[in-house]
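For reference, the chain that follows is the form predicted alone, supplied as structure tokens.
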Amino acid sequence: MYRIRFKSVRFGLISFFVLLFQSTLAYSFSLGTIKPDFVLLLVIFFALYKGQKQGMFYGMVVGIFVDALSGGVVGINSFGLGCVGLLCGLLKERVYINHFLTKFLVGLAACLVYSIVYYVLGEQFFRLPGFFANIDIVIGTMVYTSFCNIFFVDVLDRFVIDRSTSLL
């Protein structure tokens, strides 16, 4: 039987570097105006391993850092990533995390939830363009981020999760 231990210090360092990478160099992975959201992938990974409460808290904290580093409207990313952390945390015991389709479909659903929350809040409170005004960018980002999730989860799994076998 596997005993899974989450290496929090390593994950914290990876989170710091991913936040810096997302705010500075993520454009190097862009396809036109479409770029993957690696911070969203961190929240998905964390919530799937830690659960809904910790996933929501982590999403909100990381969202505050994203808001601060991006110079955009403060609070939208925090609320959106918190929602994603909560919903992905609900899936903790219900999905097999290392399956190819799980990685893709959970990433796709999380991107959809995040985009809807982001654009609805932005349109209602901050006069940002709506969800359907940017539908081509939203769909492209969803698909691109979901494909990146397939590989990103494997990399994080290798560096953050410690699996040790034990006899009962």
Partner chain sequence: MFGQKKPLLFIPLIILLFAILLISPQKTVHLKSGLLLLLRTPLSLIYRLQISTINVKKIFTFYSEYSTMQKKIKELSFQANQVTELELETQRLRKILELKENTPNKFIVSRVIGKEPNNWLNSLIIDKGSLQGISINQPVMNFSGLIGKIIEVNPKSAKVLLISDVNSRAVVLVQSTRDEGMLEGIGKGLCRLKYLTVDSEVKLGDVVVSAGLGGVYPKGLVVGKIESIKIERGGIYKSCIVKPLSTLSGLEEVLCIESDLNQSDLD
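A quick note: this is a predicted structure, and the numbers were derived from the prediction, not measured. Positions refer to the first chain, counted from 1.
Quick note: we don't show the form predicted together with its partner chain, though the next part is all about it.
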Q: May I ask you to state whether Asn134 is within 4.5 Å of its partner chain in the model of the complex, using heavy atom distances?
A: yes
Q) Using 4.5 Å between non-hydrogen atoms, is Phe29 touching its partner chain in the model of the complex? A) no
Q.
in the model of the complex, is there a heavy atom of its partner chain that lies within 4.5 Å of any heavy atom of Tyr58, even though the partner is absent here?
A. no
Q) Heavy atoms within 4.5 Å of its partner chain in the model of the complex: does Gln124 have any? A) no
Q: State yes only if every one of Phe11, Ser15 and Leu86 has a non-hydrogen atom within 4.5 Å of its partner chain in the model of the complex; otherwise state no.
A: no
Q. Considering only 15-29, what residues come within 4.5 Å of its partner chain in the model of the complex, judged by heavy atoms?
A. Gln22, Ser23, Thr24, Tyr27
